[in-house]
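Only one chain is included here, represented as structure tokens and corresponding to the form predicted on its own.
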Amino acid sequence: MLKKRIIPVQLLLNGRLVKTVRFGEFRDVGDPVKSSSVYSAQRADELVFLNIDRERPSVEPLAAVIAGVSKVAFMPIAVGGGIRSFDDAAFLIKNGADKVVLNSIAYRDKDIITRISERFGAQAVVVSIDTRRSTGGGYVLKSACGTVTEDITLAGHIKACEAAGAGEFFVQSIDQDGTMAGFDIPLIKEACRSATVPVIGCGGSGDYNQLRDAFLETGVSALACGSLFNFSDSNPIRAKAFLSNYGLPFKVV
């Protein structure tokens, strides 16, 4: 059985970590290097860094963070936000990122997925999908930090990106983001049904019971958490110890 993963997700804005609510208002939650050092000690399986600076969408903030984080954290690091070309992605990987996270560019240029996959391996390509619940049922896909609506279904986008070479999907509910009210389980189920590669669910983590329900009800490969670790005394060690009681397998460090 494949091991499950608990992944802290860290949002970057002007060199600081922030936590948003539904992609809107945010709070400062610390320094990226210090935070990563703590997560490394707490046995996080991976780290995800996303640059959410809408004024300066570039890979430079990510490159600067990788340099510091790689000295204190010893687990896979995925980075995204502002990647606009293959050269951007290659620059980040060559400077310490294990994976790159593609969002807006994945709608416009599937070739970038293929090129990264062929050069660095499919495991290095994570396609991030931000969604909102539709009033008519189902989900609307959003890009550009949730500001642009895309004219494609969740299943259609997953299948197209996987065919292009994506090795993993990071599926986030904007509606649940920062609420600590639990994951959007129907969303994660739909993503898992559509993909044959691993899916990371994100948005809404508030307690360990919610993680348990998402893992057991959906078969998702990993769950990414922000508020759970930022605003409570929870940490990856405690989360995995709790979840192991329900027969969920995690890597033993």
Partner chain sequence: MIGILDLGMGNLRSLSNAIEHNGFDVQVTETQTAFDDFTHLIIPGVGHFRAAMGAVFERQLRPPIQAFAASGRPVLGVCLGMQLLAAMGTEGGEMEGLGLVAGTVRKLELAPDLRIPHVGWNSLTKKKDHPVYEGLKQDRDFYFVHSFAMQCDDPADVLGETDYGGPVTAAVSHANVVGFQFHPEKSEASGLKLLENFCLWDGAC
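Positions refer to the first chain, counted from 1. No experiment lies behind these values; they were computed from the predicted model shown.
As for the form predicted together with the partner chain, it is not shown, yet the points below apply to it.
Peer 1: Can you pick the stretch from 192-200, 208-216, 25-33, 224-232 whose heavy atoms fall within 4.5 Å of the partner chain in the predicted bound form?
Peer 2: Heavy-atom contact with the partner occurs in 192-200.
Peer 1: Only one of E118, D87, D111, D151 has a non-hydrogen atom within 4.5 angstroms of the partner chain in the predicted bound form; which is it?
Peer 2: Contact check passes for E118.
Peer 1: Is every one of K19, F49 and G178 in contact with the partner chain in the predicted bound form, taking contact as a heavy atom within 4.5 Å?
Peer 2: The answer is no; none of K19, F49 and G178 reaches the partner chain.
Peer 1: Can G182 be called a contact residue for the partner chain in the predicted bound form at 4.5 Å between heavy atoms?
Peer 2: Contact with the partner chain, no.
Peer 1: Using a 4.5 angstroms cut-off on non-hydrogen atoms, would G146 count as touching the partner chain in the predicted bound form?
Peer 2: Because no heavy atom of G146 falls inside 4.5 Å of the partner chain in the predicted bound form, the answer is no.
Peer 1: Just checking whether I77 would be counted as a contact of the partner chain in the predicted bound form - the rule being heavy atoms within 4.5 angstroms.
Peer 2: Within the cut-off, so yes.
Peer 1: Quick one: is K99 in contact with the partner chain in the predicted bound form, heavy atoms, 4.5 Å cut-off?
Peer 2: The answer is yes: K99 has a heavy atom within 4.5 Å of the partner chain.
Peer 1: Within 26-50, which residues come within 4.5 Å of the partner chain in the predicted bound form, counting heavy atoms only?
Peer 2: Heavy-atom contacts within 4.5 Å come from S40, D45, E46.
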